[in-house]
Every structure is written in structure tokens, then in C-alpha cells.
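Here you get one chain, nothing else, as C-alpha cells; it is the form predicted alone.
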Amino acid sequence: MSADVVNGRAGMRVMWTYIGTGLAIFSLMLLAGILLRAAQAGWLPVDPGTFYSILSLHGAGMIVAMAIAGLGTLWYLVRRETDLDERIAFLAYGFFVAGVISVIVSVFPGRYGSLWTMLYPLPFVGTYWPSWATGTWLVGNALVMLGFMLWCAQILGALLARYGGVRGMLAIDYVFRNRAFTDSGGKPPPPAMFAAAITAFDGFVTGTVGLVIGTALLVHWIDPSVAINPLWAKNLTYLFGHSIANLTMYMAVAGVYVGLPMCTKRAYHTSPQLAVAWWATLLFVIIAYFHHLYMDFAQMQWMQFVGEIASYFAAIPVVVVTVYGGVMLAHRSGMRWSLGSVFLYAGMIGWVVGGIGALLDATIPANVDLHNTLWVPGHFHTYLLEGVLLFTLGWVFVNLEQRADAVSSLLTRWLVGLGMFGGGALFLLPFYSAGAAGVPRRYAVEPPPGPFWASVATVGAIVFVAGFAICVIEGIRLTRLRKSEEAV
């Protein structure tokens, strides 16, 4: 058996392990989310303590689920360009699994309920859960960060070696010395490698920050006499949390750069505009988190303005270049509309809609009215459910369809579409409507019109689950079809 075949199988093994684990965690967190919305609607009796514990698990679990799936896709795509050690990928995976188990134990039976933000001094003051649950939660987060940093270090090192340093990895000569670079036979990295590079670099910075604040909180947990500056803690917590949440999108978009050309039979080329857009993202993702601290009067004022500017600049470059490029790629291409191509294309719509919601919230005058309301979970549920998830499923189905040389029936596509897009819209719209009406977020018991909108959202979530279930069944069918052909 050739080395290329062996390496290809190793890459696929890592990819499917990560993606399968991510989607499995996502499925469980989806059910937890339905339980939370049903409780807010008054359909199920859930006491506030249990509500906040499940909400803590749901918030952290959804981000980790989508991150694991996206990291699997990126690892495989980088493996196609250069050598990567499969053992390091599985070591990082081990840290992820250990961290997830630790977090679950902190919630069940620990009843930890200070949410993913764990803002100091909340995890330590006036708690209804035992002290060990806080420590277990913090250790779980630290383990996930260690796995993430290990993954980022491997990818970053491989890309720097493959493209001859930072200049080659970021296509600096390709942008500023284009003619000389091209005439000398140079080739810039393919688009997916920019997503990998920015994820690895910003991810390593983010993981480091997460470990710093996590270690500080663990020290305070061990010795409560060690004080922490609350504003310092909040800055680090949101730099870590906001950046990881955004990086999940950039992980998943790599699948669009590779998957959409497989559907359209057209290449997604690197352009100077695309490279510069990713440079901007490299910087702005790290500093856009300031918009979470607009209401912190002790924060230096210049940071607030930087937060607004960075939030706009972080959203525009890559979204515009990627979405515009994707639309042009599909235009008059004769693309066959399968589940894979539909997911990839629709995910760009969810990305834009969720991004617009985020930009409105990041605008200082609007932020005062929207930030502590359900508007905020509205925008990040949009780009997670109808963006990151669809990109991930699109990449999965494009691969399954290519391997099986088959597509889903028209009826299946309609059922999945009505369930996941129609149900998803019915689930998401109440977040924005309730947020615009001033309904606060993170409340177990909401004031009117919160319960009404929670009822509508619960119905939408149930419809979404039905569509997602059909999607999973169809994915299993395509997988079995491929295996049957191989048996023959």
C-alpha cells in the first residue's frame, strides 16, 4: 500500500473522529437547549438551580462541539498540504474528551451553574453548588484549552514549515510583490490554509489567555485569600470566550473553500483581496471582544471605541470576500443541488444574518438596549446553527456524496430543508423579537413577552430536531451505501 494511501486514511480517521464527536456533543446540547426554552415557556417545571446548571453546560458544550468538528476538518485539509503527526491530533483529542467529561461531572452531579463566563467572583460567592464542582469546571476548561493549544501549535508549525515562514504562510510577497512572485513560479497558499493559519495563530493566543485566567481562578479556588482584579478577569474571560466562539466559524469556512468547488467544478483561487481580508481577521478577531465591556464604566474609554471599530472590521472582510466568491463560484456553474451544496450555500446566508445581528449589538448606542437581552443569544445561535453547523454538515455530505456517487432524493432534501431552515428560522426569530422587546437573557423565569416567544422558539426547535434527525439518517444511508459498494 502506498504512503499516500496510508496518509490519506490516517487523515480521514482523524477528521471523522473529530467531526463525529463534535456532532454527537452538538446533538446532546441541542436537546438540552430545547429543555431550557421549554422551561422558559412554562411547559416544563425546571427549578432555577437546575436551569442555570444545564445552561452552563449548554453554552460551553455547543462551542466546544462545533470547535471539535471544525478542527477535524481543518486538520484533514492541512494534512493534504503537508505532513502532520496523527498521534499529536489524537493526544489533543484526548485532552478535549477529558475536559468535556470533567465539565459534565461539574454539572451532573456537581450542579455548577455560573455559566461559561465564570466571571469572578461569581463562581465562588453565594453558590448553591459545592466548591469541588467549581474546581472541576475550571479543570475541565483548562484541559480543553490545552488540547486546543496543542492542536494550534501542530498546525502552525506545519504551515510555517510548508510555506517557508510567516511571509509565505500569509502570502505577503504574493500581495506586495505579485509580479515578481508569480514570475518566479511562486504559488500562494490555497484559501483553506488561511483559515487554518488564522485559527492556529489566534487560537494559540486565545488558549494562552484562557489558561492564564483559568489558572488565576484555580489559585483563588485553592486559596481564597488570593484576590483577582475583576476588570482584568473580565477582559481575559471575554477575550478567550468571544474569540473561540468566532474562530469556530473560521474553522468551518475552510470546508466551503474546498467543498463548494467540488460541487461547482470550479476552483476557489487565492486572490490578494482574500489574503488581505484574512490579515485583517487575524488582528480584529482578537480585539473585537471589547464590545462586551461597553457598560463597564471602569474600562478605559479608548478600548470601547477600539471594540466598536474592530467588531465592524472583523465582520466585513472575510465575510464579504468569502460570500461574494462563493456566490460567483455557484453562479451559472450548473451545480447539482444536493444536501452538501445546499448546506454550504445556505450556511453563508446564516453567517451573514448572524453577523448583522452581532454588528447591531456591537454598535454602542444599540448595545445599551440590546446587549443584556435575548438579542445576543439570537445572533450567536444564528451563526452557530445556520452557519457553523451547516458548513460542517455541508462538508460531511459533499464527501459522502462524492464517495457514494449518489445524492439524496428531492423529498429528503425538502424535508431536511423545511425542518432545519424553516424550524431554525422559527427557533431564532423569537430571540431577536424578545430581545428587541427588552427580555433579559440568562433568566430562568422571563418577564412578558418572554414566555410567549420561548413557546414559539420551542416549537421551532422541535421542528429543527426533526429535520436534523432526517439529515442524520440520510448521512448513515450514504455511508452504508459506500460500504456496500466496497464490499462488492
Ligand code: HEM
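It should be emphasised that the depicted structure is a prediction, and the values quoted were computed from it without experimental measurement. A residue's number is simply how far along the shown sequence it sits, counting from 1.
Not pictured, yet referred to below: the form predicted together with this ligand.
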property: Interface membership of Y432, this ligand in the predicted complex, 4.5 Å heavy atom rule; result: no
property: P377, heavy atom within 4.5 angstroms of this ligand in the predicted complex; result: yes
property: 4.5 Å heavy atom contact, L55 to this ligand in the predicted complex; result: yes
property: 4.5 Å heavy atom contact, Y18 to this ligand in the predicted complex; result: no
property: Per-stretch contact check against this ligand in the predicted complex, the hit in 96-104, 301-309, 384-392, 81-89 (non-hydrogen atom, 4.5 angstroms); result: 384-392
property: M66, L115 and Y443 all contacting this ligand in the predicted complex, non-hydrogen atom within 4.5 Å; result: yes
property: Listed residue (V46, L30, A436, L426) with a non-hydrogen atom within 4.5 angstroms of this ligand in the predicted complex; result: L30
property: Residues within 4.5 Å of this ligand in the predicted complex, restricted to 13-52 and counted by heavy atom; result: F26, L30, G33, I34, L36, R37, Q40
